[in-house]
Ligand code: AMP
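Okay, here we've got a single chain as structure tokens, the form predicted alone, with questions on binding and movement later.
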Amino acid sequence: MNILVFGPNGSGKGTQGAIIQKKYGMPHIESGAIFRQNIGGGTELGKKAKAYIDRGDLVPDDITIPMILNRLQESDCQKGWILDGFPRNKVQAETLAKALKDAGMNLDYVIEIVLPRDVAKLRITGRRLCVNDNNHPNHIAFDAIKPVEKDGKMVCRVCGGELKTRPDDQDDAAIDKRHDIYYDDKTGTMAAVNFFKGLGGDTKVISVDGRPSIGEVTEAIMKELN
């Protein structure tokens, strides 16, 4: 079972990806980790990508997509995979779909976590990241996942680990920039989602409301996957 996961920053797609990973025993692959793996490992694609990054340029798709395909063809992906963080725009979606087809790889599900932009922004500014596991949900604005207090400071509600914030989570301009890309339904990430909705064939698109609790969102997704 091969899955793409979409959702704006703040939608909880990383958390849901981790839950799906645990249930089905498939790797949850984030595009950023693929870059780090290739650059850190000194692969040829990694060297090419690093040259662009060092100049402050975007890494072109003809380098990014082969990296992703290589990762999806590794032995731990034989039973399936969950890809998160790519594609980010319509052109990448079209290119990835063709590359998967050419490689003989099926795309079984596309999961879209739907969340209004204002709600997504609130979730970003209030979230706290556990230093032990970023997928431990902690948020100062939601009682169900609010951090707990220990020795006068707030710690992770799951493991008691130290909490931190991402600097760009507290930067309105940075949040708006990320969301401008995601919610753009002409050329951005929403355009990519809409491309897969119109793809047809054996690819099933699952759209779920991201506003309820983590458990409720998980239940809605699992109902469609089973």
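Computed from a predicted model, the values in this text were never measured in an experiment. Throughout, we count residues from 1 along the sequence that is shown. Each form is matched to the other, and the largest set of C-alpha atoms that superpose within 1.5 Å is called the rigid core.
Beyond the structure shown, there is the form predicted together with adenosine monophosphate (AMP), which is absent from this document and is the topic of what follows.
**Student:** Would D185 count as touching adenosine monophosphate (AMP) in the predicted complex under a 4.5 Å heavy atom rule?
**Tutor:** Taking the distances in the predicted complex, the answer for D185 is no, it never comes within 4.5 Å of adenosine monophosphate (AMP).
**Student:** I'd like to check something about V59: if you look in the predicted complex, is any of its heavy atoms closer than or equal to 4.5 Å to a heavy atom of adenosine monophosphate (AMP)?
**Tutor:** So V59 counts as contacting adenosine monophosphate (AMP).
**Student:** Please tell me whether any heavy atom belonging to Y52 falls inside 4.5 Å of a heavy atom of adenosine monophosphate (AMP), as the geometry stands in the predicted complex.
**Tutor:** Contact with adenosine monophosphate (AMP), yes.
**Student:** Taking any heavy atom pair closer than or equal to 4.5 Å as contact, tell me whether R36 reaches adenosine monophosphate (AMP) in the predicted complex.
**Tutor:** Contact check for R36: yes, within 4.5 Å of adenosine monophosphate (AMP) in the predicted complex.
**Student:** Which of R88, K146, R117, R71 has a heavy atom within 4.5 Å of adenosine monophosphate (AMP) in the predicted complex?
**Tutor:** Of the candidates R88, K146, R117, R71, R88 is the one lying within 4.5 Å of adenosine monophosphate (AMP) in the predicted complex.
**Student:** Picking from 94 to 102, 152 to 160, 78 to 86, 137 to 145, which part of the chain touches adenosine monophosphate (AMP) in the predicted complex when contact means heavy atoms within 4.5 Å?
**Tutor:** Only one stretch passes the 4.5 Å heavy-atom test: 78 to 86.
**Student:** Decide yes or no: are G126, T165 and R211 jointly within 4.5 Å of adenosine monophosphate (AMP) in the predicted complex, with each residue judged by its heavy atoms?
**Tutor:** Contact check failed for every one of G126, T165 and R211.
**Student:** Can you tell me which residues in 6 to 21 come within 4.5 angstroms of adenosine monophosphate (AMP) in the predicted complex, by heavy atoms?
**Tutor:** Those in contact are N9, K13.
**Student:** Core-aligned, does K121 move its Cα 2 Å or more between this form and the one not shown?
**Tutor:** Not so; K121 is displaced by less than 2 Å.
**Student:** Following rigid core alignment, is the displacement of the D184 C-alpha between this form and the one not shown equal to or greater than 2 angstroms?
**Tutor:** Stays below the 2 Å threshold, so no.
**Student:** Please check whether, in the predicted complex, the CA atoms of D62 and L100 lie closer or farther apart than here, given a change of 3 Å or more.
**Tutor:** It is farther: in the predicted complex, the C-alpha atoms of D62 and L100 lie at least 3 Å more apart than they do here.
**Student:** Hey, the CA atoms of D61 and G104 end up closer or farther in the predicted complex than in the shown form, with the change being 3 Å or more?
**Tutor:** The answer is farther, because the C-alphas of D61 and G104 separate from each other in the predicted complex by 3 Å or more.
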